[in-house]
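A lone chain, given as C-alpha cells: the form predicted alone.
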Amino acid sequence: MLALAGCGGIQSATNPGGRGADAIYGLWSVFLVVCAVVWLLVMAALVWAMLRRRARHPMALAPELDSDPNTKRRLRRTVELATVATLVILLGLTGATYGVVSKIFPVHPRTDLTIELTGHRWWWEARYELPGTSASVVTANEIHLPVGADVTFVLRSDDVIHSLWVPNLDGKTDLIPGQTNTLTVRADRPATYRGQCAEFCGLQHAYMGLFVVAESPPKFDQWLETQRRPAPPPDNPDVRHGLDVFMANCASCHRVRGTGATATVGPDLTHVASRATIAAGRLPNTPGNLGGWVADAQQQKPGVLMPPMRLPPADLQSVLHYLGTLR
C-alpha cells in the first residue's frame, strides 16, 4: 500500500487537473472520511461489546442473553438510532453524488471547442471541428487542449464498446457502436495526462492508451496552426524515395494530407513525427521503435490490423526518413 501510494501524477484520480476530476476527488474524499468514521465506530462498538460481555461472564463459554427489560429497551433504542443514522448517511452520500454527477454532465454544457473522438481496436482517432475553415485537423492517440477552455468530446465507436477515461481530468464515458455520447472536459493547469480505454475491448485493451496535452491558449493555437498544414514535400532524393515506398506499401491504409494517400483504415500520419508516442501510447516515438513497428507491428501488439511490412533495409530506412519529416 505504501508503494502504491507513491504512484500518481500522469494518470491518477487523486491528482486532479480539471474541473470534473476535482469534483470527483472531492466526492471520493467525502466517501473516504465518512466510511472511515463509520468503520471506526463499528470496530469500537464491537470491541466494547466483547470486553463488556467477557467482564460480566468471565467463565461462561456461551452465556445466556440478558433478559433484563431495561437492557432490552436500551438495545432496541440503540438499533433504532443506528438505523436512522445509516439512512441519513446513505441519503447524504446519494445527494452528494447526484450533485457531482450534475456538475460533470450538465444538461446544456458550455463548449469552446468540439473534438470528435472515435475508438478503434486499439487506437483513438481525434478530429477537431473548426468552424469557418475547410482544413480538417485529424490526429491519433494524442489530444491537445487549451487550458481553461470547455472542450466537448463527441464519442463514437467504430467496432466494439470502448470507454474514455482520463482520471486527472474527468470521469469515464463509454463509446458505444451506433450511439453518440458526449463528455465536456476542462483542464485547469498545463500538463500531460494519460488516458486509457476503461472497457475491455479485446486482446490489446491494456495497450489502448492516449495522452492529453493541456497547454496555454497561445501554444494550443500554434499547435493547431501547424496541424492544419499539409505534409511538406520531399526535400531530398532519399526522402522522395521514402515517399514512393510509402505510397506503394502504406497508402492503402493511411492518410497523409498533401499526398495521394487518402485512406482512413489506420491513423492519419500527416504529422506523425510530432507525436510523443506511437501504437496508442505503447512505445515512445523514436526512429528505432517506429522502424520495429513498421517492420512487424504484431510483435508489439498482437492482433492489430497492421500487417508486417517486409521491406528491404534500404527502403525501410527511406520510409523512416520520410516519416521523420512529418511534423
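What you see is a predicted model; the values in this text were computed from it and never measured. Numbers follow the displayed sequence, beginning with 1.
In what follows, reference is made to the form predicted together with a small molecule, a form of this protein that is not presented.
Of the candidates T71, S136, Q222, S252, S252 is the one whose heavy atoms come within 4.5 Å of the small molecule in the predicted complex; the others do not.
The small molecule in the predicted complex is approached by P307, whose closest heavy atom lies within 4.5 angstroms of it.
In the predicted complex, at least one heavy atom of L311 sits within 4.5 Å of the small molecule. When contacts are judged by a 4.5 Å heavy atom cut-off, W123 counts as touching the small molecule in the predicted complex. In the predicted complex, L27 stays away from the small molecule, with no heavy atom inside 4.5 Å. For the three marked residues, N141, F246 and A280, a heavy atom of each sits within 4.5 Å of the small molecule in the predicted complex. Partner contacts here mean any heavy atom within 4.5 Å of the small molecule in the predicted complex, and among 191-199, 253-261, 76-84, 151-159 they occur only in 253-261.
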